[in-house]
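What follows is a pair of forms of the same protein chain, given separately as structure tokens and numbered structure 1 and structure 2.
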Structure 1
């Protein structure tokens, strides 16, 4: 039976400089897969390449040779000596390879545990492999199982719950205050990557009007145009507090940009509708005492970081549950994988019986001089005999008769009927001893 092997590197084993050098574009992926498919010992192949990882999944009859070939191909395609990346490679065989691909797809192996993109990237990689027809019976089944497991992990554990980025944590908080963010008016004070990202998230959640206040009015206009909002002057902020619901502040000012008194003054006018301040600036822009007022909420950068740390801890706790789901999936996939052995065994057994019947028939019919019709009847009878005799052993091997360890019974069958001497690829005699123990 062919082995499943996986070799690759990721953000944990290789620095970004090396990952950059080894990233495969779509065209490179195509031609590498073609090279694999033309290689005699590699049966099936899939290549996953993202900014954080390169993974190559193969099935092969000779894993050591296949590994050497894969390394050589990478080196040739990316024009980089093997010695430069060999130490960063991890190699998994059999169950370990299956577990690895399950963990990667379920985002347990990601830089940010639980991030959802990786599953899509694996699906893309698989689609390319199916188009190139480099994925066969085993990898098709493995990848379908992988998608199933990843989906299950996502729906049955909280691994993807709760934000782990500053801007998204702010959105989540906003939803806990306002319920829906639809129609909420946003005031952006200052500029900055994180603040702008938060505004973009808000727009995606269908926030209402966007106002932008900046020390330099031109810069404010520019940002306002980008968000299809309105630019206001810096000294208009106080009045705007009456309108806005969410205020994101990120200026370089040394003092507070929004004072407690200003908020106090507008609260009655806005009928105590809640105000949510997101203060990303250091030093802070929003007077922290505002948080003690009713219906006003202030989160500064440290508060948001605290939220994220908590959420990351949550995800890590959920990851333990996910590992359990994956353990079960590995066992069930292995069972299917081993059952692949049964089919050739049954086939060999049937062929052996047919061969014996054929030679005995020839001997017998040679001395009998029967009519063609009679000879045909005897042929049909022997075929029926073989079918009937093969029926129960076939059912036993294929089905639940040997639930505990299929490989064990397959091995016995092969020995009882001496099937392996007839075949060129005889199984390793050592396998008989250690295989059953693995299953226990």
Structure 2
């Protein structure tokens, strides 16, 4: 039976400079998968390439030869000596490979545990493999199971419930204050990266108008266009305090950009509408004394880091629950994978035919009054029929009739005769979505 192997590197084993050199574009992925499919030792293959990892998932009849081939192909495609990346590679085989892909999809192996992007990236990688027909019976089943496990982890644990980035934590605090961020007016002061990310999160929560104030007006206009907002001049910030609901600031100013007196002057006219400040600048942009005023809330980067540290602890506790789900899934997949061996399938098919024949024969004989000799003759005839019916399938499965695609024919046999009645039916090999009815 073919082996499942995975080799790769990620943010834990390789610096960003190396990961950048080994990242594969969609076109390069197509080409590499084609090369894998043409190599006789590699049966199935999927390539996952993101900013934090490059991983190749394979099935093969010769693990050592396949690993050497994969390393050589990477070296040739990226024009990098094998010696430059070999020590950064990790290699998993069998259950370890299965567990690893489950953990990656469930975001237990991510730089930020619980982040949701990796699952979509794996689905994209699988889609490409199915389009190129480099994923077959084994990896199709494994990836369907992977998506199902990731969904279970997401729905049955709190691993993705808590903000673990500065910008996202800020928006979550805003949601607690306002309840909903829909229609809220946002003033972005400065053009820092974390402030931009915070605005992107706000847009996902359907925030309203966005205004951008930057010392360089042209840069403010560029940023405003990106968010379909409006650029204002820096000296217009005071006037916008009357209108804005959320103010995100990340300038490089040496003093406070927004003073307490400015906010005090507009609060009466706001008629008790809350004003929420997210101060991501170091040194701070927002006068912290504003936080003492009614309906004014100021959170600086230290406040947000405190929230994140607490949430990371929560996620790590939830990750323990996720590991239990994954352990059960590995056992389940191993059971199916071992069933692809020819001998258990032939044995299961014979037992099923014998059980059906025995049941029907007993029903028939129950209404007859046959002698012991006649009943024995019918039993012998039934056994002979089973042997004759099993002859051709057994020869086909055991011999060279299906050597090239043995897993495919064994899988088809098990489906045709429903030998895995407790297991879910497989879907079309080209389908990349998980099967919601699948059970662990």
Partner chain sequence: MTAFFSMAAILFYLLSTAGYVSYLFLQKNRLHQAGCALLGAGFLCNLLSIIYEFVATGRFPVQNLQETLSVAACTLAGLFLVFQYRYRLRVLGVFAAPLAALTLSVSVQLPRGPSQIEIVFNNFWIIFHVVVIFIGNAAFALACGAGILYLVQESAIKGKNHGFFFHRLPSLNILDTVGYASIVVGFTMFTLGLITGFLYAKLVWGRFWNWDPKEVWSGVMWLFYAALLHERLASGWRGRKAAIMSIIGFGVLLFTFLGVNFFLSGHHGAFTRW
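Positions refer to the first chain, counted from 1. What you are looking at is a predicted structure, and each value in this text was computed from that prediction instead of being measured. Rigid core: the largest C-alpha set superposing within 1.5 Å between the two forms.
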{"query": "Form selected (criterion: the form predicted together with the partner chain)", "finding": "1"}
{"query": "Displaced residue check between structures 1 and 2: residue 116, CA, 2 Å or over, core reference", "finding": "no"}
{"query": "Core-aligned C-alpha movement of residue 216 between structures 1 and 2 reaching 2 Å", "finding": "yes"}
{"query": "Post core alignment: residue 130 C-alpha displaced by 2 Å or more between structures 1 and 2", "finding": "no"}
{"query": "Rigid core superposed, the C-alpha shift at residue 359 between structures 1 and 2 in Å", "finding": "31.2"}
{"query": "Cα shift between structures 1 and 2 at residue 300, which is computed once both forms share a superposed rigid core (Å)", "finding": "2.7"}
